[in-house]
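A single chain, nothing else alongside it, follows as structure tokens in the form predicted alone.
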Amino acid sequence: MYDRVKGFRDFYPEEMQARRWAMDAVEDVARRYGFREIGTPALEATEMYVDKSGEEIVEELYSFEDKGGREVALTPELTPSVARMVVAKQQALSKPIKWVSTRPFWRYEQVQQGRFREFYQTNVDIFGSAEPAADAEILAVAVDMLTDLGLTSEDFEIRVSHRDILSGLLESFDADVDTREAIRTVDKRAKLDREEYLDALYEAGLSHDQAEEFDGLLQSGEDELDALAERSEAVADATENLREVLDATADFGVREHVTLSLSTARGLDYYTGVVFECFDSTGEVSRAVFGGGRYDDLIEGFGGQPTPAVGFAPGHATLQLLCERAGVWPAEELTTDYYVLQVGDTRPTAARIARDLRERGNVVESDVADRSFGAQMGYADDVNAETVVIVGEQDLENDEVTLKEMDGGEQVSVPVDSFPGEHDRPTFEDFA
């Protein structure tokens, strides 16, 4: 007997049916906005991740030397792969480039709530537009995905910030600040106690008084952005950009779901402008459901022409946690529209009926194991068949089949030549 590898999961049909519902809902929103699906490899050169994130990233990778002596890694995220693809065909691709992809990724990290070593994400990215409308469209896609899953503004909030506001505020202090480390500290703010947080800002170069002041500035609301803008030209430019994005979200119809939160930082170094994270409004899901933002320098860093970019990547595990908490995750059970039951030598007719029902888009099962009437009825119940079509030798002698509703037990005889007839999804009521 073999056990699963830690951090990897099996999904049985009942679980996959619910997961498929969520994936279809999420992908359908991206499709409606004109995002085109792409596919990317499971293996990439380890060097690509080292160049982007430093040697320490190797500790988080499933990396190894392949049989050709190449250092490769299972992909831990999509952004580098997509950047590589954009660079490879940059001149030929129409701008803006709008791509979507759902697939698994792998990271060797601590397993915890909503985090596994193999995990699934839907990545949504726009390349080639620096306009606030592009940021707003990404936020609109995120909101529409959540609402299409059945969530409301009472279930989630999207906290929006701007990396250039954070860096501009840090640079406005008379101090030698390690901006990168300070922003990483802000990203961990909720996980640290107050003294640890302030000490980390101190280690990044702020005095204790400046750390207190900086943290106070991060609590500014929208009506205080003008005051922040007075600290420097960089902060003024960033606050103007942030206002333009927030104004555009109103035009996209999602402004009510978006909240200013300057303590939202996103820990990855490649973010350059607006950043955001989605959280469970009740706090029961203790970590961010997903996040994203603008990364205008990444394509150039991969050898391409300067190309602005913005995107996000909802993780399916945390999305499921949020949907379960909100009570909108579907029951993890099989659903079957029809079971076509055979009694005796009736396979030609049963197969014809099954084909006709499937052609109408129904989920139809029939016996492939030569089982008894009772065993077939038991199986139909196990797969939650709504209706059983009984095709028996005696029925066919009378040119009939029997339609049985599984919930209530009602049944009716139907002329075999009239079934399913003009009905896309025939039920007991259509013939009673």
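None of these values were measured; they are calculated from a predicted model. Position 1 is the first residue in the sequence shown; the rest follow in order.
Below: the form predicted in complex with another copy of the chain, not depicted.
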With another copy of the chain left out here, work out from 279-287, 342-350, 312-320, 194-202 which stretch has heavy atoms within 4.5 Å of it in the predicted complex. 342-350
For another copy of the chain, considered in the predicted complex: do all three of Glu131, Arg358 and Val368 come within 4.5 Å of it, counting heavy atoms only? yes
Just checking whether Met16 would be counted as a contact of another copy of the chain in the predicted complex - the rule being heavy atoms within 4.5 angstroms. yes
In the predicted complex, is there a heavy atom of another copy of the chain that lies within 4.5 Å of any heavy atom of Val160, even though the partner is absent here? no
So in the predicted complex, does any heavy atom of Gly68 sit within 4.5 Å of another copy of the chain? yes
Do Asn398 and another copy of the chain share at least one heavy atom pair within 4.5 Å in the predicted complex? no
Of the options Tyr270, Trp329, Trp106, Phe173, which one has a non-hydrogen atom that comes within 4.5 Å of another copy of the chain in the predicted complex? Trp106
Counting any non-hydrogen atom inside 4.5 Å, which residue from Lys98, Arg231, Arg325, Arg266 sits next to another copy of the chain in the predicted complex? Lys98
Only counting heavy atoms and a 4.5 Å limit, does any residue of 30-52 reach another copy of the chain in the predicted complex, and if so which ones? Arg31, Arg32, Tyr33, Gly34, Arg36, Glu37, Ile38, Gly39, Thr40, Pro41, Ala42, Leu43, Glu44, Ala45, Glu47, Met48, Asp51, Lys52
Taking the shown form as the reference, report whether the CA atoms of Glu55 and Gly68 lie closer or farther apart in the predicted complex; the distance changes by 3 angstroms or more. farther
